[in-house]
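Next up: a single chain in structure tokens, the form predicted on its own.
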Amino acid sequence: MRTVDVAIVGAGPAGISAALATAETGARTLLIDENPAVGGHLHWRISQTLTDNAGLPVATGPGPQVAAELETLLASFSNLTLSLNTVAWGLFEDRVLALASEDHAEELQADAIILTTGSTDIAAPFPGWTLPGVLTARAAQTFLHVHRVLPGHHWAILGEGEDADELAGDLARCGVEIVVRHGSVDNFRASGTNRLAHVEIDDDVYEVDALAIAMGRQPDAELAFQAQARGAFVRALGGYTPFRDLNGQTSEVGVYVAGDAAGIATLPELVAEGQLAGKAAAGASDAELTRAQGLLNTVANRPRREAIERSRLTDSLNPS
């Protein structure tokens, strides 16, 4: 079985930041992602701009530009290995990860594991939601900005808030018509023969050929819970999240969670939280951890920080 000092699952902003921190500390690091390139949502959320580098040695700017710089930076470390197009499908006792790629499967053991697995769209069901032409906000943005495919010309957006506003802006830049926006699934249905053709809200009918569900996102911490990390549903953090200590370690010793997987975060928070978890997992000094904690506090979103503090891992929650 292959072994490393630190394995990081997820090569988005939090995972990259964690990998850089562990590599700089001298740890043998493996960064794993199911996609063919690092960067995560920096590639498909084009309106996301890194305005505060939160300590990363890269210039601020648009997401795709930052992702390219970070990939070059990762390649400069001899003790850091990338494993792309690889799915981490299991996390077992003694920090054993089960990995699968197109032509290879293996188990890997790490002294510490950092889960930066991000978040998933909330897909609220309603009549007609399985019709072709109905997709989530992230799927729509991936089509637009990664694959350069326009799934429709006359859109409906289901949802309100930042995610819906971001998607509306992306669609407007593509020159499509947003026929209607609606905030909830109440009295809402989609209809059509073989594919989406209409949305109906109360007695009103709108002709559309694409419908995006933009109801927000939820943490993806499944690997942490598979490892039996303790946690709870925290509405302010977006869903089920693991309890963590000040450095991001869960109730399972050596298993850390950072970024959206610990509660939906801003881009500077993702970077700062990944850096803190990376330093802790690699055994950085107390002084370095204190500096990283201070940096996170300066960029932290207040509601998220308060929700995390209320669910902070304490000795009474830690089975050890």
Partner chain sequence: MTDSGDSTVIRGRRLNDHELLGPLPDVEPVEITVDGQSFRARSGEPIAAALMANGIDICRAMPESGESRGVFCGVGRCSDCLMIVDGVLNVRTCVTPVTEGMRVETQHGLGQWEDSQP
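The model shown is predicted, which means the values in this text are computed figures rather than measured ones. Residue numbers count along the first chain shown, from 1. In this text, rigid core is short for the largest set of C-alphas that superpose within 1.5 Å between two forms.
The following text describes the form predicted together with its partner chain, which does not appear among the structures shown.
K.L.:
Decide whether residue 294 counts as a contact residue for its partner chain in the predicted bound form under a heavy atom distance cut-off of 4.5 Å.
P.N.:
Judged by the heavy-atom cut-off of 4.5 Å, residue 294 is well away from its partner chain in the predicted bound form.
K.L.:
Quick check on residue 108: any heavy atom within 4.5 Å of its partner chain in the predicted bound form?
P.N.:
Heavy-atom contact with its partner chain at 4.5 Å: absent for residue 108.
K.L.:
Residue-level question: is residue 79 within 4.5 Å of its partner chain in the predicted bound form, judged on heavy atoms?
P.N.:
Taking the distances in the predicted bound form, the answer for residue 79 is no, it never comes within 4.5 Å of its partner chain.
K.L.:
May I ask you to state whether residue 240 is within 4.5 Å of its partner chain in the predicted bound form, using heavy atom distances?
P.N.:
Flag for residue 240 set to no.
K.L.:
Name the residue from 236, 232, 205, 174 that puts a heavy atom within 4.5 Å of its partner chain in the predicted bound form.
P.N.:
For this set of options, the contacting one is 174.
K.L.:
Ok, 90, 132, 161, 127: which has a heavy atom sitting within 4.5 Å of its partner chain in the predicted bound form?
P.N.:
After the contact test, the surviving option is 132.
K.L.:
I need the one stretch from 166-174, 242-250, 183-191, 223-231 whose residues put non-hydrogen atoms within 4.5 angstroms of its partner chain in the predicted bound form.
P.N.:
Contact criterion met by 166-174 only.
K.L.:
Is any part of 12-39 within 4.5 angstroms of its partner chain in the predicted bound form by a non-hydrogen atom, and which residues would that be?
P.N.:
Contacts from 12-39: just 34.
K.L.:
Taking the rigid core as the reference frame, tell me whether residue 294 has a CA displacement of 2 angstroms or more between this form and the one not shown.
P.N.:
Moves: no, less than 2 Å.
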